[in-house]
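Encoded as C-alpha cells, the following chain is the form predicted alone, with no partner shown.
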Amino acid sequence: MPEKCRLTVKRTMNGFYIGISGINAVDNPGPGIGVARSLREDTDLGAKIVGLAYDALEPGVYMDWIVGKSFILPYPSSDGDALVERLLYIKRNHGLDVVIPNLDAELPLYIKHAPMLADNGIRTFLPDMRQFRLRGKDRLCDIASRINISLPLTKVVNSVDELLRAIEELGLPVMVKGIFYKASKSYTAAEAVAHFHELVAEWGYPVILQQVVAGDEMNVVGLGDGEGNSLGMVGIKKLSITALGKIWTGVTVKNARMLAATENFIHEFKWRGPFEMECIVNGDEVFLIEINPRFPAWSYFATGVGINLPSRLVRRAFEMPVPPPPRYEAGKLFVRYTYELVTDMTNFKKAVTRGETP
C-alpha cells in the first residue's frame, strides 16, 4: 500500500474534491449524475466533482458540465486493495476529499476500508457492516416488525423442493429474489425454478420467495446521521416505470405511515448515510419491499423539491453545520428524459489508454 497522503482536507478556493461513482446514466441509470447535480447546486460547498467510472463508456465521463475530471477504477474485487490503490493515486495526483459510492457491489469494500481511507484524507459517510447486512431480504421481516409496517408473506428457500412448497403456500404469481440483489415476478412454477437457478448461480443461497401484493409503489429516499436522527427524507409515488423497473415519472407524496416507518428505521437502527426504502401502499397498509443502502437513481428529485441530501451528507461528513431538514410539498412532478451528447473521441481514447480524462 502506498505511503499515507497528507491528512489535511484539500479544500481550496474551489471547494471540496468529491468522488462520485455510479455515473452510468443509461437506460438502467446509476445514482451518480443526480448526486453530482445536487452537489453542484450547493454553491457554498464549491464542489469539484471527480467522476469514478468502471467503464470508459459511462456517459458521466463525458458530461463535463456536471462531472469534472474522471478516472477509470478497477472493478470491485474480493479484497478491494486495487480499488483503494486507485483512490489513493487520485488523492495524490488530483485531489479527493470524500467519496460517495453509489453502487451496491462496491459498498462492502468502501465500508471495509473506510478507516484506512480516512487515515489517508479520504472521508466517507456510510453505514457499518452490521447496518449494511440489514438490506438482506432475509432480514426484512424483523425490520418491518420493529418499524411498525407490514411485510408480504415471505419464504426463505435453499432448494427447488423448498421453492415448490413455498409456491403452494404463497400462490402465483410470486416474486423470486436474490439474497441481496435482483427480483423477478414468476407466473408459473417452471418460471420460478428458472429464476431460482439464475439467482443461485449469481448470488448464492438462500433465495427469497415473496407474495405479490397489490397497491401503489411508493419509495422514500433518506439520510441518517448515525445517531438515530434524520438529516432529511422525501417520499414519492411511482407513476410510470421502465421495462427495467426504474422510475420514469413520479410525484412527491406524504404518506404519514410510510414516513413514520422511515423515521423509525433511522432511529431504531441508527442508520448512517443515504438509503432508499421501497414500499407498496394499499390504503392504510404499508408493505416493506426492500431497503437499498445508497442513494437511488432518482435522488435529484429530492433536491428539486428543496432537500439536497448529497449536500447534507458532505456537510455532515466534514462536521459542518447541517440545519434541520426543510419541509417539502406533496404533488411535485418528476419526469425523466433522454439526452444525446455529441463529443470528440479524444476523451474516450484517454479514458481507455490512460484511465482518466481529460
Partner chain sequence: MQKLARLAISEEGFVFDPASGDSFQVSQTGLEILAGLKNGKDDGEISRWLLEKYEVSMEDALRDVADFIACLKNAGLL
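Nothing here was measured: the structure is a model prediction, and the numbers come from that model. Residue numbers count along the first chain shown, from 1.
Keep in mind that the form predicted together with the partner chain is not shown, yet the notes after this line are about it.
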Practice problem: Choose one stretch from 189-197, 214-222, 95-103, 161-169: the one whose residues place a heavy atom within 4.5 angstroms of the partner chain in the model of the complex. | Solution: 214-222
Quiz item: Which residue among R272, R123, K237, R135 has a heavy atom within 4.5 angstroms of the partner chain in the model of the complex?
Solution: K237
Practice problem: Tell me, out of M320, L57, V26, A330, which residue has a non-hydrogen atom within 4.5 angstroms of the partner chain in the model of the complex. | Solution: A330
Self-check item: Non-hydrogen atom contact T252 with the partner chain in the model of the complex at 4.5 angstroms
Solution: yes
